[in-house]
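Next up: the same protein chain in two forms, each one alone, written as structure tokens (structure 1, then structure 2).
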Structure 1
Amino acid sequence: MKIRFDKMTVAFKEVVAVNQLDLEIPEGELVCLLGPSGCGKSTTLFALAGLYKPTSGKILFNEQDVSGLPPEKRGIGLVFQNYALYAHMTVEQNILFPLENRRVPKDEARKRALKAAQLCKIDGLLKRKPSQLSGGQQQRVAIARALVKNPTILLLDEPLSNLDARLRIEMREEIRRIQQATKVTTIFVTHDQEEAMSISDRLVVMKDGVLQQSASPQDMYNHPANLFVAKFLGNPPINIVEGSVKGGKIYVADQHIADKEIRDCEHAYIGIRPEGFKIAETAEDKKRGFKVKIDYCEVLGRDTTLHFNLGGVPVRAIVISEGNIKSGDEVTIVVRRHCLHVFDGETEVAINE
């Protein structure tokens, strides 16, 4: 189901949890909702599920306004952040509950429940109560309970946060697999950008209830819309230094570090990804680049991390390990053009032209 938010605002008494959200999610995509804690991710999901009513604006499924539709009619499976399992029911009863409400025949319901349980690898725990399960197992029960309804939209609110690293990767691939198999439109809330980038078709980044950017992971990484998004994505994080742009030349502390065909800007933030640096080798590069003194360098097999100062800010660069750079050396460095991002000093919005 295609989902569209049309200037949706959700406000509680004092806080505006989601502010004028305009977002389109194409059918069958797996979308990751990213953002710092308290930015309105859960609220967005709840509004979508119908548990919260938007204060203003609309939510459209396949271009049809669903504002008046009660939650149970929206065909949504939701995995809550704190699972919200029925504590007094066994795992099996938990998974069966939505089917019983739908009056699915008993045999079929059992079959479906077992299938969902197998999918989530909890078929050995069917007779236990939630209190007898680990956090990760509870989470998987919640996922099974959401899946068993065959929802048209699946919402997952940080579904993997309690799993160990290995199970986490396994589960996220599992979710991806299930999503691709069922083609169910899925929104997946997470704090983990690596998780988000690896499985999603599209990333949506929010901050303080405001949508920052919505794009494919690679697109967002290469073209962050603003400083926040640039800093949010990438590991190790992007280097940010203050500088200025004059006549297509980028200066940091009066040093010309690179060229980019954009408008002038007196005060700008220059963002350079760690992998965006290159040691100048050719003569042309040497002419184009700038000299820095390496504070220290770590050689990690294939890559070498160089630490140096740029405009008074410590900067980290990852280059391929060759040659023999040592701490204290002075080298000429060139910035790869596509890894360089310039943001307006006041609005923090990316300057691209």
Structure 2
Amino acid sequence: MKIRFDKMTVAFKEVVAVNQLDLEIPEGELVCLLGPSGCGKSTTLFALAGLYKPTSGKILFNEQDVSGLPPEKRGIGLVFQNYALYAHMTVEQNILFPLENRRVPKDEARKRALKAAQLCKIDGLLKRKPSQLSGGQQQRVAIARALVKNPTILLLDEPLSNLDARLRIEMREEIRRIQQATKVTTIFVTHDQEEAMSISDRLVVMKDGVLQQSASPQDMYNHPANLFVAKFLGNPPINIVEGSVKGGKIYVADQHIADKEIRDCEHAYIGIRPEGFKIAETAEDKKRGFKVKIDYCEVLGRDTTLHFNLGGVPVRAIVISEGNIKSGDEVTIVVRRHCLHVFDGETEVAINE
């Protein structure tokens, strides 16, 4: 099912939770809505589910306006953060519950429940109660219950936030496996960027109810649309310093650090990923690079993290381990051009031309 938001706004009295959202989600993709708390991602999900009605604009499924349709007529499977399992029912009864509500014949309902349980790898747990399950197993039951209805769209609202770190990794891989097996269009809400980048076909980053960027994880990481997206994605975070662009040359505090064929900008924010630096080795590198004094360094096996100041701002660089570099050394650093991003100092929008 293809989804399209056409200038959708959701407001609660004076609070605009989602503002003029224009977004298309292709059929069969797993899309993560990503952003800090209060950015509008869960509101967008609940509007999709029919739990919130848009104040203005439309939601379209395959070009059909569903903005006024009740939740039960949208073909949606919804998995909540707290799983919302019925404690007095067995796993099988929990999975069967949506089908019983729809008066699906018992034999067919059991076949579908078993198929959903097998897909989610819980077919050996059908007679247990939720209290007898681990958090990851409960999450699988909630997903199986959502899938047993054969939804055209699966919605997941921060489904991994109650799990420990190891289970989070295991379950995000399972969610990806299940989504690829079913090919159902899936919308996944999270504030965890690593989680989002690891399993998504597409990221949708929001801030204060406004869409910031929609792109594949790698494309967004390599080409952030604005300063907020650049700072939000990446761990360790991107280094940001103030500078300027003159004649295709990038300066920080009057120090020329790199070249980039973009328009002049008197006040710019210069973003450099920690992995975007390297130690100058060749004569050409030394000509392109600039000298810094190392404040301290951390050797972490294969990589070394160098800490130094650039334009009065502490900067972190991750380079291939250089055992001969130590605190207090002066070295020549080169910026890898594809890891360098420049943002207008007034609008904070990326300067790409």
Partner chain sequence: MNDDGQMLIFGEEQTTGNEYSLPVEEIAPRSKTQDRYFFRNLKNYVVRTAKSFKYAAIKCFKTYTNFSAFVPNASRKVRAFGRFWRENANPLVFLSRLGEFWTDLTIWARKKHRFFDFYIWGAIFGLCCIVLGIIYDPLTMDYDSGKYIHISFVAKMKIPFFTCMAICLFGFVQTAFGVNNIYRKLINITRRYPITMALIEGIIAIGASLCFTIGKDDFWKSIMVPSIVFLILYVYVYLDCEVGLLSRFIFRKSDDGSNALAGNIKGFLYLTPALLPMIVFTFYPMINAILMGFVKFDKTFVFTDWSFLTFLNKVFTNDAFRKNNLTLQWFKDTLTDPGFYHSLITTVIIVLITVPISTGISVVIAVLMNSIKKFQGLYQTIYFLPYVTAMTAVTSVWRLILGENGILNLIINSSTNWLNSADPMFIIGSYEYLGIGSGGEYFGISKWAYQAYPQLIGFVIYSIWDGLAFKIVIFLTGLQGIDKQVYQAAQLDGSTRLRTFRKITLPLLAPIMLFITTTSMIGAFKTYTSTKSLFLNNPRFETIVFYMFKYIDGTKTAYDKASAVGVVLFIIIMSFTGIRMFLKNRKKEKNAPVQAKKVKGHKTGSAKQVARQGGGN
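Here the structure is a predicted model, which means the values were calculated and not measured. Here the rigid core means the biggest group of C-alpha atoms that line up within 1.5 Å when the two forms are laid on top of each other. Every residue number counts along structure 1's sequence, beginning with 1.
Peer 1: Given that just one of these two is the form predicted together with its partner chain, which number is it?
Peer 2: Structure 1 is the one predicted together with its partner chain.
Peer 1: C-alpha of residue 126: shift of 2 angstroms or more between structures 1 and 2, rigid core aligned?
Peer 2: Yes, its C-alpha moves 2 Å or more.
Peer 1: Could you tell me whether the Cα atom of residue 228 shifts by at least 2 Å between structures 1 and 2 after core superposition?
Peer 2: No; residue 228 is a residue whose C-alpha shifts by less than 2 Å between structures 1 and 2 when the cores are overlaid.
Peer 1: Degrees only, no decimals: how far does the smaller rigid part twist against the larger one between structures 1 and 2?
Peer 2: Rotation of the smaller segment between structures 1 and 2 is 17 degrees.
Peer 1: By how many angstrom does residue 95 shift at its CA between structures 1 and 2 when the core is held fixed?
Peer 2: Spelling it out: core superposed, C-alpha of residue 95 shifted, distance 3.4 Å.
Peer 1: For residue 86, give the CA shift between structures 1 and 2 in Å, the superposition being done on the rigid core.
Peer 2: Once the two forms are fitted on their core, the shift reads 5.1 Å.
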